[in-house]
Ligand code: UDP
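Shown next as structure tokens: one chain only, the form predicted alone.
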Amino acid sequence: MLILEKYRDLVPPNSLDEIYLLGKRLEGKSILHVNATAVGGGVAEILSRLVPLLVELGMTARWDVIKGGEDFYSVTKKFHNALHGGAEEVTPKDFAVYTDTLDMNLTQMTLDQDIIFIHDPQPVALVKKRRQTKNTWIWRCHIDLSHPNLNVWDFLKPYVEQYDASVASAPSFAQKLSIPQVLIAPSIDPLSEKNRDMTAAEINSVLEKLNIPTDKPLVTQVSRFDRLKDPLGVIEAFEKIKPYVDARLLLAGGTADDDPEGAQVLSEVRERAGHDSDILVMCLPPTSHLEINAIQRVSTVVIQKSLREGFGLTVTEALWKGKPVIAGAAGGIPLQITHKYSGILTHSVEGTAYWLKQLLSEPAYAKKMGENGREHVRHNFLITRQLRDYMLLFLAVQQPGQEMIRL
């Protein structure tokens, strides 16, 4: 069976027929995706599932990862924080480390495919090679650019404007650019190890392996250990409800290859949790997809208390599993959650604690909210929809000036 056909019973009617039609128009095209890390984070997860689907549709598609040392990833982490509005001190030396590393990558990469699809700020300067090619370049920004630190954004913007188009995950991320901007939300793959259905035996096996007890309702945040995910705020909210509801909190996640701050944040979280037996902190390898799947499925409530967020695929994952989700009203999360219908949007520790207590105390309301969230994901945030949107974009950028794509 074709990979795509396995989605037919999960996605909205006629979705695959439209994808096959678009695929015929792109058959034979070569596409290169480039990002900064092969493991850890939503971008790598999406690309690992998306590239094989492009190949199945007749395109020559592959995925490459830039190389860099500790200095480079320290600089790009500064960029990441600054583009989210943080007051980072980025020096001329930092900018030099960035450009020197990308220049080194340019000497080692072949960038002559029909479409070069660059993901996020780390490899954005590769577009310098475009002057020597006649192909199409697209920049996809997965992070929240709504209030960037201008020191960093003014450095990156001239590179961005050399692309044929840019892609953002939410309308509020759009910037004033001289190139076309497109809104395409990320997605999850319902057939991946992280999102596929699991048997009760599989779930219990994972819980036993990780030593996660099930004697109390489980409140979970799955996220890499990053201050912008506010794990300390999650602990504070949980502590506020402990006198009223007997539950257990699990903070599960890991660190990405391009995030040098992850280990430090993990240490801070473990220190804050102390010796409270009702607060579990787990650092999982980036390949722990089945483990995360089981954790989300056994959770009573899922939290994603992001302070800033690109899109928040952990929210999408939990909604797909029919879980009530409490999430920070940041970035692309409000695209996924209609407050009090398909989830809860919060702005503070106090608000998170209030709704956590409510959902743990009203299981019927929580269940209905989870059902609504799953249907919203089915129609808007599965990988087949993102595949369709990307193919429409590929056709559009290769037909500049035309207002209609003729199939």
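What you see is a predicted model; the values in this text were computed from it and never measured. Numbering starts at 1 and runs along the sequence shown.
Below, we refer to the form predicted in complex with uridine-5'-diphosphate (UDP), which is not included among the displayed structures.
S.K.: Does uridine-5'-diphosphate (UDP) come within 4.5 Å of any heavy atom of G312 in the model of the complex?
M.R.: Flag for G312 set to yes.
S.K.: Residue-level contact is defined here as any heavy atom of the residue lying within 4.5 Å of uridine-5'-diphosphate (UDP) in the model of the complex; does G370 satisfy this criterion?
M.R.: Because no heavy atom of G370 falls inside 4.5 Å of uridine-5'-diphosphate (UDP) in the model of the complex, the answer is no.
S.K.: Should S223 be classed as touching uridine-5'-diphosphate (UDP) in the model of the complex when contacts are defined as heavy atoms within 4.5 Å?
M.R.: Taking the distances in the model of the complex, the answer for S223 is yes, it comes within 4.5 Å of uridine-5'-diphosphate (UDP).
S.K.: Test of understanding: in the model of the complex, would G254 fall inside 4.5 Å of uridine-5'-diphosphate (UDP) by heavy atoms?
M.R.: Yes.
S.K.: Taking a heavy atom within 4.5 Å as contact, would all three of D230, K305 and A330 count as contacting uridine-5'-diphosphate (UDP) in the model of the complex?
M.R.: Result no, not one residue of the spot touches uridine-5'-diphosphate (UDP).
S.K.: Could you tell me which stretch in 147-155, 313-321, 209-217, 273-281 has residues with non-hydrogen atoms within 4.5 Å of uridine-5'-diphosphate (UDP) in the model of the complex?
M.R.: Answer to the contact question: 313-321.
S.K.: Let me know the one among I292, V97, L335, L191 whose heavy atoms come within 4.5 Å of uridine-5'-diphosphate (UDP) in the model of the complex, would you?
M.R.: If I apply the 4.5 Å criterion carefully, the residue I get is I292.
S.K.: At a 4.5 angstroms cut-off on non-hydrogen atoms, which residues of 38-56 are near uridine-5'-diphosphate (UDP) in the model of the complex? List them in order.
M.R.: G41, G42, E45, in sequence order.
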